[in-house]
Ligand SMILES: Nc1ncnc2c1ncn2[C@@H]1O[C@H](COP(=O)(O)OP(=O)(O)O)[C@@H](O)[C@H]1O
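Presented as structure tokens, the chain that follows is alone, the form predicted on its own.
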């Protein structure tokens, strides 16, 4: 449905050439919900704008439904209005002087393919039903809440019956509770309609909840692409590990073990056995990582590998989880667990932490020094 090959885009700035996108390739199948995830400036919005036809790339090819809409080598560039895409952006672009009906119908009335009045009526009604705004057709845009305006923008995108929907940070202006509700709503509607979605966000929670596949971007490159569960459980590098969820990190040096493990790693807080199959030679500098929810805490000394005595620095109760900030040899890290079973809740100023060998991740270090542990939000 969407095939991007060798896409590159540069901008000229006062500091020189800025490479926003660096020869990326990505294929999104029919009906797939693909999320581009990354920090500001990573190239995700530029990629989406190139697909939309709002930017001309410097190199590469973009294919929509077997039609080349951008091909720099053949000087092909189909204008945005002729690509048949639905688009929804951070600014909902709601016209304040129009009511709900005409905010949705205006592109159908004045677009290149104008529809009859009866067909416009049918499409607007169907779109409002989808987003649960039926009965508000005559309400002025200025009388709508932020969530309702967001739904109007979504209804307008659906009214054109696009096979591909592009969404750039569409939920960032909503409050936290409404954002959570709309994540589920958008996913349900797009799945029901079979729409192919390319969705841009910096919010890891949105990516995990909504995506069929996630492409993590940094510095104009795609670092890793896959199902959310795979990226979370098997990150290929430190950037992916840290951006998709929290990760405790410990610098270390491999002391012994086979090239593909198990690896015995010396760190500032102790020696650990890691069962990662990622290759590492004896003497190599590496970084060990473990998710806070994979750190096991005990009141009494456990009979287990990778156990260490830790001091409790701080405790947080978040309702659905408890967060323990722990310290060992001047290094701080976090443990996260469900507080539902109060009898299992560890207590005391000194506890025992266990890093299961199968839960430890092995990474190549960055050129710059990584932080020892995550900061829990």
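These figures come from a predicted structure and were not determined experimentally. Numbering follows the first chain given and starts at 1.
Not pictured, yet referred to below: the form predicted in complex with the ligand.
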| message | Can you work out which of 24, 20, 353, 360 has a heavy atom no more than 4.5 Å from the ligand in the predicted complex? | response | 20
| Of 69, 35, 42, 310, the one that lies within 4.5 Å of the ligand in the predicted complex (heavy atoms) | 42
| Any of the heavy atoms of residue 15 lying within 4.5 Å of the ligand in the predicted complex? | no
| task | Could you tell me which of 44 to 52, 322 to 330, 26 to 34, 60 to 68 sits within 4.5 Å of the ligand in the predicted complex, going by non-hydrogen atoms? | result | 44 to 52
| Which residues within 193 to 229 place at least one heavy atom within 4.5 Å of the ligand in the predicted complex? | none
